[in-house]
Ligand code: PXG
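Taking the form predicted alone, here's one chain by itself in structure tokens.
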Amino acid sequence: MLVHIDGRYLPKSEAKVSVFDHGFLYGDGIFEGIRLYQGNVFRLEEHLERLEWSAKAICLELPWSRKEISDIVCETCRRNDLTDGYIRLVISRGTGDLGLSPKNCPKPSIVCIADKIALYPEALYTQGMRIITAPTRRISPAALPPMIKSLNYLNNILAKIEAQQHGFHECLMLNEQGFVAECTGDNVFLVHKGRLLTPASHSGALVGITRQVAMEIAAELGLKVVETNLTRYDVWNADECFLTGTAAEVIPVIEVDARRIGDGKPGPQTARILEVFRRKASAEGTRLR
């Protein structure tokens, strides 16, 4: 595998960053997770737009144009001879000193990794997933806007640890008001009485690219999409529940906190959305060649 680091393509064993990089020292940086399907980089423009917005939010001036970053993504996939895979695009504040100040980092650093990924076992996509609610609360939007995909995921990691300690792959995270925010790496959707419900970004949910695609598909299928505050009670009494994410795609949830969702099987609307999503992902995107 070859990894792009600041204009060079290096073997995995040689792909290293400085210990003085502020992404490593302080989580000072941003990233995007992007998917490659059948030679198409899915929703690349949307991912790069969100990357630019994250950079602006943390006052990180990007020295590369969108076209230059797009070329890096595509070339990394080509050099690894990939037609399907997962791309991790990382931009850190760059090398500095041991002080917090970003002024001590004269130049940001860009890394692009392209490889295979299987976030969840394939059986869960047909059988459904069981999840719990984590005790760890999602960081307040007043502390760190959830729209920023920053390199500091410790909040989510702590919740993931709690889920795994109890034998679950994933968990719900609530915000400080007790409303559902998201899962540790995925957005949350409910189907209830013919409507598709999902937490709004002000609840602490990332404005996910796959989330947006799911909302578009739902509208095409005649489901009314509502962004609103949701409680665990709403989740427990939903007709269907599913999660979305770049790595997760669309995955059904059949049980939350030992409460069966619907009839305890992946729901029909979830199956329809997953089917259309996979069709779109295989046909749309930025071609590598």
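This one's a predicted model, so the numbers in the text were calculated from it and none came from an experiment. Note that residue numbering follows the sequence shown and begins at 1.
What comes next is about the form predicted together with the ligand, which is not displayed.
Given that the ligand is left out here, which of H192, R88, H169, R137 has a heavy atom within 4.5 Å of it in the predicted complex?
The residue in contact is R88.
Here the chain is shown alone; which of V225, A247, I58, L221 has a heavy atom within 4.5 Å of the ligand in the predicted complex?
In short, A247.
May I ask you to state whether G262 is within 4.5 Å of the ligand in the predicted complex, using heavy atom distances?
No.
Taking the ligand as it sits in the predicted complex, is G208 near enough to touch it, meaning that at least one heavy atom pair lies within 4.5 angstroms?
Yes, contact at 4.5 Å.
Taking the ligand as it sits in the predicted complex, is P141 near enough to touch it, meaning that at least one heavy atom pair lies within 4.5 angstroms?
No, no contact at 4.5 Å.
Does N156 reach the ligand in the predicted complex if we count a contact as any heavy atom within 4.5 Å?
Taking the distances in the predicted complex, the answer for N156 is yes, it comes within 4.5 Å of the ligand.
Would you mind picking out the stretch of 64-72, 253-261, 47-55, 226-234 that comes within 4.5 angstroms of the ligand in the predicted complex, counting non-hydrogen atoms?
Selected range: 47-55.
Given a 4.5 Å distance limit between heavy atoms, list every residue of 153-188 close to the ligand in the predicted complex, or none if there are none.
Heavy-atom contacts to the ligand in the predicted complex: Y153, N156, E182, C183, T184, G185, D186, N187.
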